[in-house]
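One chain follows as structure tokens, the form predicted alone.
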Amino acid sequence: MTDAIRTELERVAAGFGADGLEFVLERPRDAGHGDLATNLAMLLARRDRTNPREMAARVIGELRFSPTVVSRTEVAGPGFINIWLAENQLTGAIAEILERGKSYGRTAAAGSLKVNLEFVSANPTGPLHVGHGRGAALGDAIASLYEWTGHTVTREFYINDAGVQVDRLAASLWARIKQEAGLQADIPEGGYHGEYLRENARQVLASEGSGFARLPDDEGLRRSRALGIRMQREEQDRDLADFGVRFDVMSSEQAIYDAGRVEHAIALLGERGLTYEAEGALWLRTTQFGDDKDRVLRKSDGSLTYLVPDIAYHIDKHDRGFDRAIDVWGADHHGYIPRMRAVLVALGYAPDFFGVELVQLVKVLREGEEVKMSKRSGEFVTLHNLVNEVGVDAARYFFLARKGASPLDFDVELAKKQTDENPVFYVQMAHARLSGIFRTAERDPDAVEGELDLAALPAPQDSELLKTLVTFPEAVARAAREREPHRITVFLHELATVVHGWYHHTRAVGAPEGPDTERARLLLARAARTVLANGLTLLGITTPDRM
């Protein structure tokens, strides 16, 4: 239903020379301001430097809504356009929700994209921490949003199994193995001190025998490297599986080197005239494509910078036929984005081929106090421990409740509360309450069918719930366009608030208004239950019928 309205708004925008303009179509905060509102005219006015209200009047003059879709429109505030839906649109929307069920909110893309979504990609040097968990929830939810809007998604994990950090892992594990065997050894400078390496060392001695600790250093380091990577990767995979995150492809940095793709990338850049030598080093001409300075590829000592394998990896993604390569990175990589984008544009890739979503730090609070963390010393909150304490649902919801690029305070005590203060409990309770209505009615929700009679829904809470439900597809579409899953948590919380208000102020089973109202409210309850379930499922969160 909102699809038809958005399509007409897009047609008018194109008529104003703004084809492809991204505008908002959403439920206004005040129910008296219509059923939907858009900022289209304000965006057009900003572009043309004209009066927004005058532009809104011009836009309304161009709109050709069928009276069976929209009953009226008006200019509001600084230039919003408020839209009132025709009654048959509301009844038709409920019919669509009931008919489509679990697929309600899914849309088909006009041009389906093949999307590679790479996320987590943690170094195999230790357990996953809460920051990795936030990246996992964000990446998985963005992937789901792309899928819900008609695109094909490959979830990918890039194993950073080459480079200095893995050398430090090998040396640290080798030292711990010797220590556990009673031999003298020190963790190298910059190495890893976490208790998990002591556990890994005991596992190695148990499986390989005590003689392992007396191997020559070069062999011990080599084997510790392979064993350390394997043990850390197995643990990371278990933690991600427990968190409900799956990957379609596991790529390896070392494999990129072994396949010759790094040297291929350097050669390709040279063939395009994008490299030059100066001061004994090989440079990349990224300033020609928007970077603030040219970047070194090969240092004067012959070693490669970390930019080179990353370029090779993204060339590989393009060669695999992806239309979009979306990476979820830690916020500390912010400055790295323009140089990577500059390289890919220089190679002739589409400007929108490469995209990055940043994940800010997570501050874990326990009883109001911040839990201090240091990965190097081994003092940090692991994803495994957090999930064990608060559960998958709370962890996912809290990680997704704010935009990824915003800092997040994760209140452990709040996440464990079984009260309305806990936002995930609040949303899930709305679903459980709706399920309880059908237990009271002794009816299977899926067996409640028929046409909705608006005349049988006299309470303002009935209308508010109905009008909130129909905006779910638009909420999904916007969250997908902007790659912002937190918009779904915002929608779910708003819907839950409306559901709780409806539950307390109206009665479905045994409605005092009569059997027609009971029938209509059961249809409304089934539709609301479906939308809540779809939104939670999209985010990877369960939908309990009892709490």
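Here the rigid core means the biggest group of C-alpha atoms that line up within 1.5 Å when the two forms are laid on top of each other. Sequential numbering from 1, following the sequence displayed. Owing to the predicted nature of the structure, the values given are computational and were not obtained by experimental measurement.
One more form of this protein, predicted together with the RNA, exists but is not displayed; see below.
Taking the partner from elsewhere, no residue among Glu208, Arg238 and Arg443 has a non-hydrogen atom within 4.5 angstroms of the RNA in the predicted complex. Though the partner is left out of this view, Val490 does reach within 4.5 Å of the RNA in the predicted complex, counting heavy atoms only. Mapping the unseen interface onto this chain, Tyr276 falls outside it, with no heavy atom inside 4.5 Å of the RNA in the predicted complex.
Although the partner is absent from this view, Ser300 contacts the RNA in the predicted complex, with a non-hydrogen atom inside 4.5 angstroms.
Within 4.5 Å of any heavy atom of the RNA in the predicted complex lies no heavy atom of Glu451. For the RNA in the predicted complex, the listed stretch (320-328, 229-237, 78-86, 143-151) containing residues with heavy atoms inside 4.5 Å is 78-86.
Of the residues Gly182, Gly348, Pro407, Gly111, just one reaches the RNA in the predicted complex with a heavy atom at 4.5 Å or closer; this is Pro407.
Residue in contact with the RNA in the predicted complex (any heavy atom within 4.5 Å), chosen from Phe289, Trp283, Phe247, Phe353: Trp283. Once both forms are fitted on their core, the CA shift for His500 between this form and the one not shown remains under 2 Å. With the core held fixed between this form and the one not shown, Glu74 has its Cα displaced by at least 2 Å.
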